[in-house]
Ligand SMILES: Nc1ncnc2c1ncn2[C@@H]1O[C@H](COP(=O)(O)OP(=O)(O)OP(=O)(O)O)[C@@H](O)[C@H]1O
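Coming up is one lone chain in structure tokens, specifically the form predicted alone.
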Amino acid sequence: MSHPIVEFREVSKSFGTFFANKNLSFAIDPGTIHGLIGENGAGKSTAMKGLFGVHSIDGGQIFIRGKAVVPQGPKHMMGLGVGMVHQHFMLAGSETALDNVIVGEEHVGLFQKIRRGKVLAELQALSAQSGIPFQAWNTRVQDLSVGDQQRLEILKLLYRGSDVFILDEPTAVLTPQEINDLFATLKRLKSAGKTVVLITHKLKEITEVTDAVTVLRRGEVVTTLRTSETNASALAKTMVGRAVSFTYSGPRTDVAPDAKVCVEVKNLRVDDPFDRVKSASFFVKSGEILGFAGVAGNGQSQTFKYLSNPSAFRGRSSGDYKTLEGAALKDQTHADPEQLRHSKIGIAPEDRHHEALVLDFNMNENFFLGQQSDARYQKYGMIQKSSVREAVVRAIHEFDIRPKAPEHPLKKMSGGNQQKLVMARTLDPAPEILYIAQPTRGVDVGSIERIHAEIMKLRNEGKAIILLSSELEELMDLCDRIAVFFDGTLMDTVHRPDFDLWTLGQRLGGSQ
């Protein structure tokens, strides 16, 4: 009988007094797709970073193909055939996409040149074969969309020929059609004898593509199951310890016929070489959620960024942008984020690492960002740290942020818990207008339920909400209308009675 390709035996890892992994024991069979699920902070990414050599383990043993291994770092583990695509991209922003693939792979002599053309040709062929579209090989990573950065990471892993592929939330920015293509790639890898470890919060993905699944809760293994012997509802209950609803089933009030227009945009154009907005006109009323949908690079993200900070696009944009303030619409065409906040507009950006958080700061400091002028947190011009901490403690409780320590640094928290902090800050206090991007990216099913319920509560209270999400199911569940972007143009606005997953997916590709 063959050995497991990867086996954890009583593996533990702690950060100070916080145990991320406690005596993990589970095995991954070769030539399979193995799911790893659990709540935010359950220890999934930590366990795989221990396997990949990013973290040193504190106790226990890791076995590769039946032999005990002490991971000495990513390069060591890549030499053993283990590769990982991290949830938060490990890319050099100032370098091109091609150079990000080549770096670390330059097996050439002192006076030899890297054969860039050969590498590029191989990557282009790999892109076509895997069904993962990517063309911007000579573009700097910092100029790529989030979706293209994700695809680059996956292609880099494929290019380096790993036998064990660890993918941490790989479908977060893909459309349904692209997810199908990725799953086809994973199945081809499996057929070729490769092994895939899939970390995901999307239980539908687990049931569709994995052979086995290991469930973690609070750093410990709850169980390992054959996927064919379970279902999404049972897995959700195992993850969080209670039944979980996958769709919002609470009250939904109708949009009032006389509801006021709270956001009005006419003939918006934004010049950008990578994510141009050619034409977008839309409005949002009080008590309504308008969704933005589109494949990465088709204008929906750039439109969202413009709404969040018009001043950053001065000289590169045109059109009219107004929001309701008091009884009248106010021109916001050149407003900055501080002016938008004074207009009672709350913003949860798309890229939490670069636009919402400072990872070297702790939770208290990050919660205070952008709220320096808030009277609740200052007195006589002095920051009231105790007031900030009280707000963070409240947010930790209400959004189940882990660990429950306001002084904990952000860089040591899971992506899902970072996202929950962003949402808590955006909604404290609840603004009249909300711009929310990717509210549940990397967030576990129990927390998704909580965030969705809060968004719907605000909608039912009369708030106007623009929701940007790469998850069509999320948009269909929450929105009253969905604006579909293609090639920089807002092509169509679909009303709730006409929502259909496959039809929306086709429209994202330009089909009517």
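If you're wondering where the values come from, they're calculated on a predicted model, not measured in any experiment. Residue numbers here begin at 1 and follow the sequence given. We call the rigid core the largest set of C-alpha positions that still match within 1.5 Å between the two forms.
Omitted from view is the form predicted together with this ligand, to which the following refers.
- At a distance threshold of 4.5 angstroms between non-hydrogen atoms, P439 is out of contact with this ligand in the predicted bound form.
- Looking at G291, you'd find every heavy atom of it more than 4.5 angstroms from this ligand in the predicted bound form.
- Looking at V11, you'd find every heavy atom of it more than 4.5 angstroms from this ligand in the predicted bound form.
- For the chain shown alone, D400 is not a contact residue for this ligand in the predicted bound form, no non-hydrogen atom being within 4.5 angstroms.
- Contact annotation: of the candidates V82, A97, M413, M423, the single residue with a non-hydrogen atom within 4.5 angstroms of this ligand in the predicted bound form is M413.
- Among E153, D275, E169, D428, the residue placing a heavy atom within 4.5 Å of this ligand in the predicted bound form is E169.
- Looking at this ligand in the predicted bound form, residues S127, F134 and F183 place no heavy atom within 4.5 Å of it.
- Of the candidate stretches 58-66, 462-470, 447-455, 44-52, only 44-52 contains residues with a heavy atom within 4.5 Å of this ligand in the predicted bound form.
- Within 4.5 angstroms of this ligand in the predicted bound form, the stretch 17-39 places a non-hydrogen atom from each of F18, A20, E39, taken in sequence order.
- Comparing the forms between the shown form and the other one on their rigid core, the Cα displacement of V54 reaches 2 Å or more.
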